[in-house]
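We begin with a single chain expressed as structure tokens, specifically the form predicted on its own.
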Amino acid sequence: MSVAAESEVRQRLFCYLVTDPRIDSLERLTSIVSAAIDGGVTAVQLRAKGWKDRVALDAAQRLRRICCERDVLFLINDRVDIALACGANGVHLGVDDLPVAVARELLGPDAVIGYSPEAEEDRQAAIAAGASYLGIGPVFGTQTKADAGPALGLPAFRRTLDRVALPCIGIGGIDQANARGVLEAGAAGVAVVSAILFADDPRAAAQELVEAMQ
């Protein structure tokens, strides 16, 4: 990835919304994502674990159109095939998904590939294989992802980022009250789920988050 491309990715990671498969009404999901983008979200990741393939593809195609129209980064969680089928900007992978090198080969040099490592060797392998950015967490305690593991806390999060040259986002328990600290620890951006997705007013919640970080 070129310096220019990495710089662009870093900017687009600033306010990163991850969807939750519990919101399985596509009308509600697209409405929430559209409102969140109005509020300042700069990247959207579709997480559709457990959904039937055709439903996931339909959602991906709808969200891709919204993100493309608004110049927002659009990624698919885990599913390289869905990313290819809908023309997403890329994918976000974990340790049990396709290896980063395989995803890079399939998606091409311009795709954005995020990766959530679980150990130092995971981080190094992902960087060597061509990951675009890393998702580090959980920074704080979270109920959204049952297998997220114990919270790192800001000091350990900062130490991890000090060892990584790629852009990194913080994820896990992040909201308007603590997002600024995540950026000050060195993150390019924050990934949120509940703070926006389940807010009474997703647009206002996204706007408050962005304002808290600026």
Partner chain sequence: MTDVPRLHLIGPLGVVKPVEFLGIATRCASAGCGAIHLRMRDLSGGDALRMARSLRRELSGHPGTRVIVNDRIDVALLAMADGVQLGERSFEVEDARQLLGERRLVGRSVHDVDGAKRAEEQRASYLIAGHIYDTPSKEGEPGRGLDWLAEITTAVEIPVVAIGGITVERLPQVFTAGAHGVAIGRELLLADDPHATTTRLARTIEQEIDDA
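Not measured: the values here are computed from a predicted model. Residue numbers count along the first chain shown, from 1.
Below, we turn to the form predicted in complex with its partner chain, even though it does not appear here.
Under a 4.5 angstroms non-hydrogen atom cutoff, its partner chain in the model of the complex has L98 among its neighbouring residues. Among residues of the shown chain, D53 is one whose heavy atoms approach its partner chain to within 4.5 Å in the model of the complex.
The closest non-hydrogen atom of D122 lies beyond 4.5 Å of its partner chain in the model of the complex. At the 4.5 Å threshold, heavy atoms of I82 reach its partner chain in the model of the complex. Remark: none of the three candidate residues (L183, A188 and E211) comes within 4.5 Å of its partner chain in the model of the complex, counting heavy atoms only. None of C68, A151, L57, L154 but one reaches within 4.5 angstroms of its partner chain in the model of the complex through a heavy atom, and that residue is L57.
Residues placing heavy atoms within 4.5 Å of its partner chain in the model of the complex fall in a single listed stretch, namely 45-53, out of 32-40, 170-178, 157-165, 45-53. Residues V102, E105, L106 are the members of 101-133 with a non-hydrogen atom no more than 4.5 angstroms from its partner chain in the model of the complex.
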